[in-house]
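Just one chain follows, in the form predicted alone, and it is written as structure tokens.
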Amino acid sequence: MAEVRLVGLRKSFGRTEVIHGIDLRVEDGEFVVFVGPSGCGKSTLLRLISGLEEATSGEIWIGGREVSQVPPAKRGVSMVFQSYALYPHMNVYRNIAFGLSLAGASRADLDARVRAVAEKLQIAELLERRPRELSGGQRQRVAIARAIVREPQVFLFDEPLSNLDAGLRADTRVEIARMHDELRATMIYVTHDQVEAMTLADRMVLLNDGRVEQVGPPAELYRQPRNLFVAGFLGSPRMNLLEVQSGEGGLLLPGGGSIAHSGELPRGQLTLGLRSEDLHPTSGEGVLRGEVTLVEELGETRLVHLRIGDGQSVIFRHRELPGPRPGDRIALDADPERALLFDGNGERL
């Protein structure tokens, strides 16, 4: 396999620049996930690596070789698309074998590799079927098999599970994770689904408007976001972000509560970040108090929306029975060790 390195990579469509000088290194055998809101440039970045789009400037290195001017077929990458992109007139065997046959593989080598990868992905019994005779999950496995059989240096996945229902998406996600463990291949994966990103990635690359906001392990981005964008994007529900006042010895919260703070902080208005799982109902005064406006029942837990002072709202997780109801007054304690603070520019303090 191979490492992937991007150096000052830029892409413009006409006068509109959509990728703004990205520098990134994907280590050999690493599983990296590009995630971000719609239009942030994650699919464009993947297409630049694959060669399906030509970079305006910058360099793309794969396996120690600069490939910015190399055709897609010679870059040593295989790409799995959202739409499967299977040939409807060919059976599964021929779909998987097509790239190998174009590359001039011998019949014996081609047959051995196709059948081996079909066994690995549990589609050996489907080799004689046409794509129209397969379920969505089976078609996606065929598309993945077609990528594996070429034995590329790098696998590229462009939202491969977005067309599947929730159950199939979860099953196929597990298969992709297992495949990476077995192959130890370099994989770059694009998704808008945070669950996919958090569960699959060795490292996540969070993009926003064609720029990298933060790179790191999923837990690091979740617990130590660099700025307000990262804090607000990751998590379901999103992080509670409250406007607070910094004073001597602590933070004044909406509704009159406070959190002590021993370190030096800028005076004035700051933003306090609290995850829903770090807020807990209390029989005491608490640091936040308010009225329940909505309860979202999720089975194993529930999300409770609380309107606090000056009209701001927070969401916290509640598991005990009975659950709160709209109109109830509740006080919450917060775990100060997990609280985050952001300055006026949105950067974490």
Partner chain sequence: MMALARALAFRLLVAVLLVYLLFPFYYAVLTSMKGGSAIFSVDYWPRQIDFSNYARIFSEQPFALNILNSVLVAFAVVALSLLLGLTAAFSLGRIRFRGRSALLFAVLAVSMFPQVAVLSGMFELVRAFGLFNSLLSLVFSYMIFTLPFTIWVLTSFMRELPREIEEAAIMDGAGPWTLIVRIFLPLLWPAMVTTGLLAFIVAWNEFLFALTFILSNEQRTVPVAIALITGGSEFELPWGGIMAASVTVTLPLIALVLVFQRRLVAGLTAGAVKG
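Note that this is a predicted model, so its numbers are computed, not measured. Residue numbers count along the first chain shown, from 1.
Although it is not shown, the form predicted in complex with its partner chain is what the next lines describe.
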| item | value |
| --- | --- |
| Position in contact with its partner chain when the complex is considered in the model of the complex, options Ser162, Gln224, Ser101, Gln269, heavy atoms within 4.5 Å | Ser101 |
| Candidate from Ala73, Val195, Ala112, Val174 lying within 4.5 Å of its partner chain in the model of the complex - any heavy atom | Ala73 |
| Interface membership of Arg146, its partner chain in the model of the complex, 4.5 Å heavy atom rule | yes |
| Its partner chain contact at Arg150 in the model of the complex, heavy atom, 4.5 Å | yes |
| Partner proximity in the model of the complex: Ala85 to its partner chain, non-hydrogen atom cutoff 4.5 Å | yes |
| Its partner chain contact at Arg47 in the model of the complex, heavy atom, 4.5 Å | yes |
| Residues Leu52, Met79 and His89 all lining its partner chain in the model of the complex, heavy atom within 4.5 Å | yes |
| Stretch in contact in the model of the complex with its partner chain, which is absent here, among 280-288, 65-73, 29-37, 305-313 (heavy atoms within 4.5 Å) | 65-73 |
